[in-house]
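The chain below stands alone and is given in structure tokens; this is the form predicted on its own.
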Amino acid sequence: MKIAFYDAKPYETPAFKSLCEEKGIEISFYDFKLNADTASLAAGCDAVCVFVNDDVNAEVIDVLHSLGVKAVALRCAGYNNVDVKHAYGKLHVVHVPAYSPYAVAEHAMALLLTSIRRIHKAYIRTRDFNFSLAGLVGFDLHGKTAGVIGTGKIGKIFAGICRGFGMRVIAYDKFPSAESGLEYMPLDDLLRTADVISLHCPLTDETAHMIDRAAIAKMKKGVVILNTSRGKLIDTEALIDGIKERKVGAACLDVYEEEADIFFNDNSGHIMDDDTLARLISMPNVIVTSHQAFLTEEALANIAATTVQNVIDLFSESGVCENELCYRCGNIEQCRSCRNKKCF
């Protein structure tokens, strides 16, 4: 079995290399992204392994299919960068639904605490032996209301962390979890009520720009917005205007809607061409990390183990992989029949 591994980073390749050697899988690492120009390098491979910013659109899928590639293995949970509908009948698509939900939820809380207690500013000051407390006044989380949008594994864990701080937790999800014990309410009510709003939902046509001007207008003055899911859940220009108008008190972002050619790269020696991101980073009440929330030792090990096992399962005698993304019924993750047999 052969795998072409795109957008390879030095912190993730050792685990994959070790596992593939152990399982007798030949793997080729490429440090550039999969797109229409680089797809041809997968010739002779059984599968391609991709990450969040690889472009697996219809054109790329057709090229891969023509080369004899049979599967796309996402080493992440989200799949908005893959045209799953077009892949049906051509390429099997698998993902890693849960590598370490604790990693992402804990990072979201780390961003929140850093922001509201001005830890990043204090760190910079004390490095210069400036021990003044002026401008470092924060606020207690205890007694505040956290609004969690999306209550999958990550959202539920983040909700639990918030409860540990003595916060009231309210939630919105298109498919509420009855056994979660969470206080669900309509999205508009959550936006009006929450002091802190954290996004933990996938990017779909329905959720794209769910935080737009209209949504921000409904929020409390001084609301803190967290996003550790997908950048396009937020209309960035609307967010910037909300910050400038003092409606949004702070924004903590691990993702950005135009991150594909920026994040995961060292751009410190270059002029930032993206004026929108440059404006965001320049704002004193904005913290941006570069899609870092997943990056723990535990998560990297789980991602490698699950991705390799997904490929092995697909090419086994039964061909059954519980993490296959199916489009047969149009329901993708919830298609039960695809957990009992191949999607096609």
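Small disclaimer: the values here were computed from a predicted structure and weren't measured. For every residue, the number given is its place in the sequence shown, counted from 1.
One more form of this protein should be noted, the form predicted in complex with a small molecule, which is absent from this view; the next part is about it.
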| request: Could you tell me if all three of 112, 147 and 226 have a heavy atom no more than 4.5 Å from the small molecule in the predicted bound form? | output: no
| Which one, 258, 206, 237, 245, lies within 4.5 Å of the small molecule in the predicted bound form by heavy atoms? | 206
| field | Single option in 153, 117, 90, 232 placed near the small molecule in the predicted bound form, where near means a heavy atom within 4.5 Å | value | 153
| query | Is there any non-hydrogen atom of residue 174 lying within 4.5 Å of the small molecule in the predicted bound form? | reply | yes
| field | residue 201: touches the small molecule in the predicted bound form, heavy atom cutoff 4.5 angstroms | value | yes
| task | Classify residue 97 as contacting or not contacting the small molecule in the predicted bound form by the rule of any non-hydrogen atom within 4.5 angstroms, answering yes or no. | result | yes
| said: Please tell me whether any heavy atom belonging to residue 50 falls inside 4.5 Å of a heavy atom of the small molecule, as the geometry stands in the predicted bound form. | reply: no
| field | Contact segment among 120-128, 248-256, 135-143, 267-275, judged by heavy atoms lying within 4.5 Å of the small molecule in the predicted bound form | value | 248-256
